[in-house]
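Below you'll find only one chain, the form predicted alone, shown as structure tokens.
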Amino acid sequence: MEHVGIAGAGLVGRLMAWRLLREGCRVTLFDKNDRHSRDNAGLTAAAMLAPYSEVVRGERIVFDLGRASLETWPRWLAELEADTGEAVFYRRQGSLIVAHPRDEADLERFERQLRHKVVPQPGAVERVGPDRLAALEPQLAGRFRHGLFLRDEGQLANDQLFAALERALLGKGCDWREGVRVERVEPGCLVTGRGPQRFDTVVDARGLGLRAEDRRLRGVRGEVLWVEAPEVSLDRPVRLMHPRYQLYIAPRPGNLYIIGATEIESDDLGPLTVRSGLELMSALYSVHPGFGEARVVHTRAHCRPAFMDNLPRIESGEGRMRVNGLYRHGYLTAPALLEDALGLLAGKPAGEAAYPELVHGGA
């Protein structure tokens, strides 16, 4: 049985460890934090699975990864439930993009760019008027004249996913080394403050923690609010067009909503700024006045790792692999990307990967 060492217990590290354990590998997982820490980019996200929404500002390959991942997530989540006995919230009822009258030109421009980049499947992108919008989200009736309904998009609960992966890893015998910082990754070896730890293969999934060794990486700061809004009832993610950003509102069970929009070129890991908080809350209130009585449950801010082209990379070498640069598309792209990474670890030639353009040598 192959013994794999993984550096980093974020989204990529946890998913990789879980899939490898299911394949019969021994796994040792290292992370600088304890497993309950909230200091993780994967927990500062709404975990929306939105390939159409994201392709306008991204590359076509992100759309392709997202479409493939949308087909993989239900299977993986069913397997995770089988391993843990608990379901992770997952919903695929589409998403809505709306705009206030003064910003409708931005909505029209967004639709043109979307249709220019991809040829949607029939019914996947629907321009809706007041009646159809009210049928989809009754509480938005009369608030917006037009919108876009993106039928195939979805979402999941990232906090529930992290907790379920923790249970699955421990239940399958993962050797989880908490509070151990990996200082260097070498072929078949993870070097920590406690000395070198040797394995058959190692996977570097440290995200922005790799930046000291790889200056190609940069941090992209994201900030989110979690609010409890008993007066609001939305069934699907809603995005609000704005001249400077797209506000997104992702509903969760229990009248909870995750709100975000900010995307700042910064390595700052500090708390949410006053300016960002004011912008998010004022835009949120403009979507539905019921959010005015919402209670802020908590705020989070973190930095996502990105390369200059904003595309993920799998770097594979003898006894060592890196998976990094998922940018703001971690949940959207991770399953499809990791299926290629797992294939490479199993000996599949790089040229036979589903996305060979993302596979590089020299890890």
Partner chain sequence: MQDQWTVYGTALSSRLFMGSALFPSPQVMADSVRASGAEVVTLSLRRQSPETGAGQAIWDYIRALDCRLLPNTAGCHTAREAVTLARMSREIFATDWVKLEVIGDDYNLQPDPFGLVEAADELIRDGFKVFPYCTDDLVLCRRLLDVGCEVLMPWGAPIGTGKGLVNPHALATLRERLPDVPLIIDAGIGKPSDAVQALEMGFDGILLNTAVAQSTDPVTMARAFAGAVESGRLAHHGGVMPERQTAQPSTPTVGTPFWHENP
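Being a predicted model, the structure only gives us computed values, none of them experimental. Positions refer to the first chain, counted from 1.
This protein has a second form, the form predicted together with the partner chain, left out of what is shown; the following refers to that one.
Is it the case that residue 34, even though its partner is missing from this view, gets within 4.5 Å of the partner chain in the model of the complex, heavy atoms only? Residue 34: no, not in contact with the partner chain in the model of the complex.
So in the model of the complex, does any heavy atom of residue 310 sit within 4.5 Å of the partner chain? Contact with the partner chain, yes.
Taking any heavy atom pair closer than or equal to 4.5 Å as contact, tell me whether residue 155 reaches the partner chain in the model of the complex. Although the partner chain is absent here, residue 155 would stay clear of it in the model of the complex, with no heavy atoms inside 4.5 Å.
Partner contact for residue 266 in the model of the complex: the partner chain, 4.5 angstroms, heavy atom: Yes.
Using a 4.5 Å cut on heavy atoms, which of 194, 102, 75, 127 is close to the partner chain in the model of the complex? Only one listed residue qualifies here, and that residue is 102.
Counting any non-hydrogen atom inside 4.5 Å, which residue from 175, 81, 178, 279 sits next to the partner chain in the model of the complex? Exactly one listed residue reaches within 4.5 Å, namely 279.
Contact stretch among 178 to 186, 137 to 145, 114 to 122, 227 to 235 - heavy atom within 4.5 Å of the partner chain in the model of the complex: Among the candidates, contact is made by 114 to 122.
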